[in-house]
Each structure stands twice: as structure tokens, then as C-alpha cells.
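A single chain comes next, written as C-alpha cells; it is the form predicted on its own.
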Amino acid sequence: MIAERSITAQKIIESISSKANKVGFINDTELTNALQYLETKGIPTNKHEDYKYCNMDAVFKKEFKNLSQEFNEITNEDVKPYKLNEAINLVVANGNYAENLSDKIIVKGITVKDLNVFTGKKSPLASLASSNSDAFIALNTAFSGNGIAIKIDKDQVIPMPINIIYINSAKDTSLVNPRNFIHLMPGAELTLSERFINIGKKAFSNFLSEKAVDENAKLTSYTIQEEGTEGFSVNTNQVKVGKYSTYDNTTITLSGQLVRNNHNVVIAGENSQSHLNGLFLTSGTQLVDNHTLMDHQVPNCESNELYKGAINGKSTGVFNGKIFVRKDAQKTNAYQSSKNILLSDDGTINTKPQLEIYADDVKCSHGTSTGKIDENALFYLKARGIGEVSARKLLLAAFANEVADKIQIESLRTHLETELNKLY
């Protein structure tokens, strides 16, 4: 008998089982574990500590009680506005890799395939993201679309970015489960842009990415979320960083009615480093919830986190970041900062930076600050002839640019500047 707490999960399973892709890239054991986890644990409620401010069970009951799982065909015209001239553009349409909409790979050292390239017994999928750790990992594992696998060959420095466009166009309320596996072999370097777009009816996008960064490799990634008022999403990144390697990510949330980001980084090789940055500007009744885990497992590594939020209207922002330093991870340097501005009296911000340290020779710190726009700075600008609206925009731009400036793809940065200016 299914427990009451998993009624929503059971309805989701029943709604999409008949239309799920019958793909063999997830092994049978992992698939069974995923379904069992969903049936026994269910979709998280606010009684689950990690989802305290983000009651996903209630969202599904209210917004997605009827799942049609019907999608519109994505065309070249649909994806054209999101392609970057200086990048290799790849498209994942309604959860499935669309080779016909993607650029041809002419750069040496890159292998791009759909996930069917993997077979069940040998599949590396779920090697980094366990179905027993989170309901949304389990949901994606059970009902994943035929997403994308990217491998960068040993010692290959890719001279141009890869831009992956995850675009959904549902005919009615639907759930889509895009997935990828990205593997940088030893000595490889890549700049990656991942953009999330919703152009149809109300859709819930449950994205899962496994990223393996091998020895001496470097992955610089940008996550840009533009899913509009009809977009609801959970985005999970599970990353493993090898020795002497670097992983950098900058996540910028421009829109989405509900956005939950789970970013988990396992620092598994000595003398490696990881940097996570985030920026969200919310309005209306939006909810943006950023959860990070920096898991230091070995000595002599470094991590830095900076998340900034500007909260307007009746919206809610959440940051919950945990630095976990294991017993053997001596000489760890880890820093975490959450900075927020409340732009209205009805907005809410919940921040919870955490340190869990079991080593004794480390340098770790965390901090958080929340306030309103600096009235002295606003007065200073107004006294020099700048109108109040323009002065507020200047101050917010200065606040946001510490994160936005980390985007190094020129056309993407120009797009972000335009969109951020609209939000200010």
C-alpha cells in the first residue's frame, strides 16, 4: 500500500509511465531503486528540512494535478533567438537531444551523442547522482528523456564554448525530465553555457546533470534560467572534481515561477578548486531556492561561493549552502557568502549558510547579509542630478555585476545585461 505522503508521487508515476521513453541507458537496478524511492518517500513537503521553504508536493497538487505530457514540435525558429554566434549550439527539445536542430561538430576532441549511446550494464549514468539521495533525482532516473552525452578528449582545449539550449513547449501542463552526462578527460578544458527556456504552456522541468572533471581538467560553466511565468523547475547538478582540476559555475535566474537549484560538488582530488556563483532577481510571487553542497573529501583544496539576490514584490528567495569538510581533508580553504537586497516590504529572503567540519587544519568561513538599498548612496546619486529610478538601477546594477561580470561569453553577456536592465 502506498503511504499518504507519496500519493502525489504515485499520481505522477501513473500519469507518465505509459508515455515515458523506453530507453536502456539506466541499468535495471538503478531504475528499480528510483521507482521504489518515489513510492516510499514521495515528493518532498515542507516537513523535509532540505525543502522547508519549497513545498514541492503542494506545487504538484496545485499546479500539476493533471499531466497531459503532450508537447509541441520545436523548430529552428524557436531556438534561433537562443543560439550564440561564437559557440557550438546544441538543442535538447522537450527533454530529448535534437541533432537536427543542433550545430554540426567540426571541432576536434568533442564527442556528442544522445544518451542511447550508453547501455544499461555499462552506463555511467547514476554513477554520480544516486536515486536514493533525492526524489527529483529518482524521478529523472525513472523517466528521463533521451538527453545528451558530451565527452571532451584527453588534453583537448576546446577553443569555443558549447551552448546547450534546453527548450520546452508543452501543449498543456506537463513534466519533462532532461538529462545529460558531461565528461572532461584528463587535461581537457571547456566553457559550457546551459540555457533553460519554456515557450509553451505550464511545464515542470526536472533537470539532472552529472559532470565528471578528471585530473588537470577545467570546466567553466554558466547556467541561465529564462523559463517565464509558466515555467517551474528543479535543476540538479552533481559534479565530481579530480585532482589538480577546476570547476567554476555561475547561475543566473532571470525568470521562472518556481526555480529550485541543487548544486552538489564533490571535491575528490587533491589540489583542486571549485567556485559557485549565483544571482537571482525575483518579483511577483516567484520562488527561487538555491541549495549548494561543497563536499571536501581530500586535502589541499579550495572552494568559494557567492550568491546574491534582489527580492521584489511578494516573491521569496532562498539560499542554503553547506560546506562539508571530511576528516582527511586537511589544509582546506573554503568560503561562502550570501548577500541580499529586499526591494519591498512583502518580499522574503531565507538564508542558511552551514559549516560541517571534521578536520582540524582548515580555513573556513561563511557569512550572510540582508538589507535594503543603501539610502545614503541613493541620496548621493540623487544629489548629483540622477533621478530616483535611474539611481536605483545604478545601485542594483552595481550589486548584480559582481556575479554577472563572471560571464565571459560576449554575446551571452550582452543578452544578460539587456534582460537584467529590464528587471531593475
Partner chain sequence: MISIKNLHASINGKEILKGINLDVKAGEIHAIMGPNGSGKSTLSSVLAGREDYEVTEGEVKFMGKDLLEMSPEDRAREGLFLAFQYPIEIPGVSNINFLKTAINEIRTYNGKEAIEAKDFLALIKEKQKLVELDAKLTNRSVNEGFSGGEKKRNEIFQMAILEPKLAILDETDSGLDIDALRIVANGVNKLRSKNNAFIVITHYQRLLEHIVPDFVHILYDGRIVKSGTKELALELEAKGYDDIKHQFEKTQG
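Residue numbers count along the first chain shown, from 1. Since we're looking at a predicted model, the values are computed, not measured.
Here the subject shifts to the form predicted together with the partner chain, a form of this protein not shown in this document.
- Residues within 4.5 angstroms of the partner chain in the predicted complex, judged by any non-hydrogen atom, belong to 394-402 and to none of the other stretches in 359-367, 394-402, 64-72, 33-41.
- Not displayed here, the partner chain is approached by Ala377 to within 4.5 Å at the level of heavy atoms in the predicted complex.
- Remark: Ala58 does not count among the residues lining the partner chain in the predicted complex, judged by a heavy atom distance of 4.5 Å or less.
- In the predicted complex, the partner chain sits beyond 4.5 Å of every heavy atom of Asp28.
- For Thr45, no non-hydrogen atom is located within 4.5 Å of the partner chain in the predicted complex, even though that partner is not displayed.
- In the predicted complex, not one residue of 293-330 has a heavy atom within 4.5 Å of the partner chain.
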